[in-house]
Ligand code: SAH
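Below, in structure tokens: the form predicted on its own, a single chain.
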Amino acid sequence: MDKTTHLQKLRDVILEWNEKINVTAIRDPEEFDRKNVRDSLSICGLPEYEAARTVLDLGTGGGFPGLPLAVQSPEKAFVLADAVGKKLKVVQAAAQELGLVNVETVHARAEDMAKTKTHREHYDLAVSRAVANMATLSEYCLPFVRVGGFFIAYKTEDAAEEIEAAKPAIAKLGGRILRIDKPSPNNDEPSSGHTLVVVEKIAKTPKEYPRKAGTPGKDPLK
């Protein structure tokens, strides 16, 4: 099965599950392809993604961006983590049906998972499309990234002020913003609405981060 067919099957599997469990608000197949699949794949070609061998998708929800990336990059090892167990069951079922042997799922809160030796500062790359403040996302994701690795956040196009305000928090966590990329749509396709914030991990994250469960979301670092 080629990658295009594989991605189409992924769409069909998730939309079928969506009839039983609310995995995504997007039900139209064409819109699903654009907003979930192609948007997830917008980091492909970035040098930080291409060089990564271990990738963590934190707050994966219904499996995005992790599942499309796992189809596209069978040579990479993906861990898809989320605190919502019912969505992860769908992700596991989809990975199994698609025969994705490079996908592992973890049911945990980021604040707890990041304190474990197995996952802390282990990954070449962390990615997240989760809807959260950039400072909050950085506190969740950067503790998982090894020094020399990267965190890439999918943020909305109007998040420039939020991203700028997160710089002190990112520095406290051992990172620095390397650049912000705006993926170019193919042909006449509409934009996904996302920019990609590339954060480099330049120092170890202090032990006190992430703070206890719930705190990063309620009280973002400044």
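What you see is a predicted model, and the numbers here were worked out from it, not measured in a lab. Don't overthink the numbering: it's just position in the shown sequence, from 1.
One more form of this protein exists, namely the form predicted in complex with the named molecule; it is left out here, but the text below deals with it.
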Is Leu100 close to the named molecule in the model of the complex, meaning a heavy atom pair under 4.5 Å apart or at it?
-> no
Hey, in the model of the complex, is Gly174 touching the named molecule, heavy atoms inside 4.5 Å?
-> no
Does Arg129 reach the named molecule in the model of the complex, with heavy atoms at most 4.5 Å apart?
-> yes
4.5 Å heavy atom contact, Gly61 and the named molecule in the model of the complex | yes
Answer among 78 to 86, 115 to 123, 92 to 100, 145 to 153 for heavy atoms within 4.5 Å of the named molecule in the model of the complex: the stretch 78 to 86
Across 94 to 118, which residues bring a heavy atom to within 4.5 Å of the named molecule in the model of the complex?
-> Ala108, Arg109, Ala110, Glu111
